[in-house]
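Take a look at this single chain in C-alpha cells; it is the form predicted on its own.
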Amino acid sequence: MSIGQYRAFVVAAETGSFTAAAIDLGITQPSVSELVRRLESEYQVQLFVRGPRRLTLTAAGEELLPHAQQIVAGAEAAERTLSDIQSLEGGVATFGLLRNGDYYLLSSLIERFHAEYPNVRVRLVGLNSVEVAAAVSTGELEAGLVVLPIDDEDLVVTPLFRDEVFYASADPARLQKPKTIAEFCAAPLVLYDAHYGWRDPTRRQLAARAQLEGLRVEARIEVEHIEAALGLVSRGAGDTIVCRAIAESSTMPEGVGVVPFEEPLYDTIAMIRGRSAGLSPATRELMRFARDMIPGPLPQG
C-alpha cells in the first residue's frame, strides 16, 4: 500500500467517480482505477460497487474511509511542513553563540532574522564555546559561533576573524607596559567563566603560555560573568582580561584601562557545524545572518 493508493481511494470516494478523482489528482482515469484496484487486491476486499454512473462504497469501504482520510491528511501536512522548511516559511533554526556574542553586535540577530522570516522558529543558545562545540558535535545544535581553540572532532571549523585580548586593571601602575605571562601569573586575578574554568578557550591559551614558562595561572577570585569581573576590577579587587570588543564597549567601567600582552593574545572567532550532519535551510540562513552581522576582521596588532 502507498499514500498514492489511499489518496486515490479517498478522492474517488469523495467525488463518487474515478474520472472526477483523476481530474482532482491531475492523473489519468485508468491510473486512479489501477491504484484503487491494487489496494483492493492487496487486502482481498472490495471497496467500491462500480455502478454505471457513480461509485458506491461497500461496507469495507465505509470502514476504511475515515482512516484513509487521516492517513492522507497526515501525509499532506508532512508535505506542507517540508515545503515550508525548504521555503523558509516554517521550521526551526538552532544556533549556538559564543560567550561574548552580544559584544559582536549579535544581540539583534534574532530580531533581524525573525523580521525577515517570521514563520521560522529560532532556538538561539548562549553558552561558553566549550558547550557550544559539544552541542554541535552531538547534534543538539546545528551550528554555532565559538572562540578557538575547541575540541573539533566531528566539526567543520571556519575561522572568521581575530579579536585581541588585553590585560585590564583599575591601577594605572599595572598598565605602564605590555604584560608578560610571568607578570600575568603573579597578578591578583579576577577571572570569569568560573563554571568552565580552564576549559574556556581564552584561559586555555594563557595556561599553555604559562606552562611553557614553568608557571601556573591562579585566580584570586572567579565569577561567572564578565560584567561581574569588571565590577570587581573597577573597585580594586584585582585585574582581569577582556577582548577588544568589550574594551571598546559601554560595558567597560570608567577608570578601568587595558594594556596588550607582550606576546599579543587573540580570541579567534569561528563558525562551526557538524561534519556529517546536514543543515536545515533555516539554520543555514541564520548562519548567513550571523556572518553578516559580525563587524568584520578586527585589528590584529
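We number the residues from 1 along the sequence you see. We call the rigid core whatever largest set of C-alpha positions still superposes within 1.5 Å between the two forms. As the structure is a prediction and not an experimental result, all values here were calculated from the model.
Below, we refer to the form predicted in complex with the DNA, which is not included among the displayed structures.
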Within 4.5 Å of the DNA in the model of the complex, do we find a heavy atom from each of Gln5, Ser17 and Arg50? yes
At 4.5 Å between heavy atoms, only one of the stretches 22-30, 230-238, 244-252, 266-274 reaches the DNA in the model of the complex; which one is it? 22-30
Please tell me which of Leu64, Leu35, Leu57, Val258 lies within 4.5 Å of the DNA in the model of the complex, judged by heavy atoms. Leu35
Rigid core superposition, Val259 Cα moves 2 angstroms or more between this form and the one not shown: no
